[in-house]
Ligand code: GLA
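Let's start with one chain on its own, the form predicted on its own, as structure tokens.
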Amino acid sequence: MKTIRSVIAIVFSLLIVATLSAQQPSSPSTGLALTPPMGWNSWNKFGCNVSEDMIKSMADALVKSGMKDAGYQYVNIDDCWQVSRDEHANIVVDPQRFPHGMKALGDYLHSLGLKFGVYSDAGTQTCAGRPGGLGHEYQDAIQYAAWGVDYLKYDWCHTSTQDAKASYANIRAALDAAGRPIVLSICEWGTAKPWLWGKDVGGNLWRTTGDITDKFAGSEKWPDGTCCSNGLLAILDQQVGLESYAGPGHWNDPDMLEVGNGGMTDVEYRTHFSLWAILAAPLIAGNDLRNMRPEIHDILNNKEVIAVNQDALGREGTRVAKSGDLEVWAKQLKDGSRAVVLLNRGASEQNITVAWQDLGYPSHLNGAVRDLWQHKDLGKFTEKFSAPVASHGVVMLTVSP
């Protein structure tokens, strides 16, 4: 009898615990960024030259160009919107550049069906020398929530001896305490290996490298010697081995897109976009959307390539084969098919082959191959598929059993 009573008591206790757990309110950040965030950011093209009128016109262009319908939703103001703190230490918006304030701007973006992003810094100042967030995390988070902010990019300048993990855990706690769901973009440049702890502190994406530059190759140190500006290939190489840390709600971020900013060819921009898609990287455009050439518009709006990036399985692509300048990158998709990028880093056109075994398929598989840039089914193949790939170019495929 005692045994039966003990079992009943244990079961009853477990039911109470389960009920209480079910009643616990979930964090406001639960369920954010289940696919890599897509949007636009002001920095790569405009730097500190940000204003209310420019941001509104860019949002209008995002809608008019079809990018909103393609999945782009965040419109993010980077550094230089803030000028000081008032007598109560509240962050002050530049009154000349943003005369109607941040809430009005957020309301405008929301009226278009878009989401609103801002920028700050974990240190005493932002990278451009504006007021940072250190010591004001909860105060700033309340302000962001009142403005209707949906996305916060949090940089790592002027941080001295701060611990990165603790600093980003603090701002996530502040955002959650403010009660609004806000995506947290950890912009720590990869120096403290945020892929190891970013998910644990509630980050939704974390930079894996120094800043991107609008060029295909090369890398150089910043003036202070701390880190670096990276061309496309330098950033790509730094993603190898990080794929296991990415997934729904928490993404490796190789920095924003340079597509359309003029430093690369259209072939190289197509390569850039294809690789970011297969890496399950955030697709944050950074060009002037108001006067895109048709070729740039078509790169940013390729819905078949975007679908690879936004696939619900949330796998990050990996490099599955490499021979000199020729590489094969592949990503498993939710339906069991594979997305594949054949990349030619070299100076002349080359034939590149993807073997089914490198994709985790048996050689005898009859695979249907589709070209995502030509929007064309290429037929069914066994064992492998080969294609000529332009210098600095890609061929992007899906292979379906």
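Remember, it's a predicted structure, so these values are computed and weren't measured experimentally. When you see a residue number, it is the position in the sequence shown, counting from 1.
If you look for the form predicted in complex with ligand GLA, you will not find it shown, but the lines that follow are about it.
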> Hey, in the model of the complex, is residue 78 touching ligand GLA, heavy atoms inside 4.5 Å?
Replying inline: yes
>> Quick check on residue 189: any heavy atom within 4.5 Å of ligand GLA in the model of the complex?
In response: yes
>> Taking ligand GLA as it sits in the model of the complex, is residue 155 in contact with it (heavy atom to heavy atom, 4.5 Å or less)?
In response: yes
>> Can you work out whether residue 356 and ligand GLA are in contact in the model of the complex, taking contact to mean some heavy atom pair no more than 4.5 Å apart?
In response: no
> Is it true that 273, 331 and 397 each have at least one non-hydrogen atom within 4.5 Å of ligand GLA in the model of the complex?
Replying inline: no
> Here the chain is shown alone; which of 107, 211, 243, 325 has a heavy atom within 4.5 Å of ligand GLA in the model of the complex?
Replying inline: 211
> Considering ligand GLA in the model of the complex, which of 145, 307, 127, 83 comes within 4.5 Å of it through any heavy atom?
Replying inline: 127
>> The chain here is shown without ligand GLA. Which stretch in 263-271, 87-95, 67-75, 203-211 comes within 4.5 angstroms of it in the model of the complex, by heavy atom distance?
In response: 203-211
